[in-house]
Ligand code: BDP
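Only one chain is included here, represented as structure tokens and corresponding to the form predicted on its own.
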């Protein structure tokens, strides 16, 4: 799914603004015809989660209704017009001028509708009903057996923010248009090879011009296209390869023309790089790479999971300051703006679907599998062209039963069919036999010895961790990433000797885990949980509804552990 852009042939505008909003406490909106418009609403900021914008009803998860009005920009009436929602959590129903234009299930991934036949030049009325309720048959699900006993009853440890959380875009494209691009790159010596597959909205004969440029380098080719799918290959002598510390990007511009007249173009940043697994190594451009970084959340006061560009900049600056080169999009896909900046800054990403809290219970197995296949398709379609994305993660901490192996076999095969160029993993919390590691190219484990198990006993915790890592490698012979490890830490709480919840204990915990990881040549990554403290449901072990495992606070102030990691990873002290 190509992100809208502005050029001679394409335009887009954001519908970000104050919309009209109304909670539907009695779920009467559909019965009372709110899709045609509703009264007694209140202003709400879009994009942003609704949960922290108002003084009351924070934990109401829906349904709720949005509406706004807009006019068609001048000149768009001769083009195809579409509307794109970058993220609505969880279930969205959309009406334009009183007519239903579609529905989408699942947050954090974009969806679009062609509204050419429904739109008017002026006075368009857009209505969106959002249902963020947690149920066992949704993904992520509610707590199936109320084992966690938290409120709201999530089956995962972060807050279930709801609403229109990323921009809504109105955009136009030519009637004959490029609708998708798939870029694959490879390396032969010093030569970079860029393969570009183009999908068009029709198969009428056209010429396609491909131009790849960077700092005076200009590689071009032209092909005749007489069907909807075509491809071209460009070879770049003495290419500049993309990598952390040297995120070299080329601009690939594709133009369609007929009889000498250009009628569509699209420009995409391209990073020439390879990623592969060989033995116990993860290779970037044929050289071993070690991932140093974090799990994190899209979470900030007031906006919840809403897009705020300044927070993206802040988080990248914190990661760069500390010496991190990577992160996992735990536990859902992040904004496309976050991904774009990773390309520019040279940050490596393990890109994760929203499949967190899976139970494989027989009553929901088929439904969860259907949704996870949808999410996998949507994620790869959205992020396949980002050089920063080096791995697909199919789930986080799935519960284990006999059905899990069959579940992940199908997801793994689907992901490999859609993209054979990247390794596949999922983040595991299950200690003991893991039936699904067969369907991973890299083993990711989330471990909390010394916190949830063997509490405060760091010597015992490290002994268990070391033995388990050795056992996992011996059994699966695959590289391992410590995809989560961390300790809850109240900012400003100190103890000597270190004890749980103190800043000193967090420093000790992370230091000892990193020593173990560094002693294992097959451990190719260490991702601390978490970059920043984040909002959760209410629970007796989550004071104030906050998970305090961040090395920065929720408002991005450093704890002692942040300074210590900076010393370990970058060799710098303040």
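Numbering follows the first chain given and starts at 1. These numbers come from a predicted model, not from an experiment.
Not pictured, yet referred to below: the form predicted together with the named molecule.
This chain is displayed alone, yet in the predicted complex one of 263, 151, 501, 452 has a heavy atom within 4.5 Å of the named molecule; that residue is 452.
In summary, among the residues 505, 534, 65, 513, the only one with a non-hydrogen atom within 4.5 Å of the named molecule in the predicted complex is 534. Although the partner is absent here, residue 549 lies within 4.5 Å of the named molecule in the predicted complex, judged by heavy atoms.
Among heavy atoms of residue 396, some come within 4.5 Å of the named molecule in the predicted complex.
The closest heavy atom approach of residue 542 to the named molecule in the predicted complex falls within 4.5 Å. Of the heavy atoms in residue 441, none are within 4.5 Å of the named molecule in the predicted complex. Only one listed stretch (80-88, 183-191, 307-315, 441-449) carries heavy atoms within 4.5 Å of the named molecule in the predicted complex, and that stretch is 441-449. Contact residues in stretch 153-169 (any heavy atom within 4.5 Å of the named molecule, taken in the predicted complex) are limited to 157.
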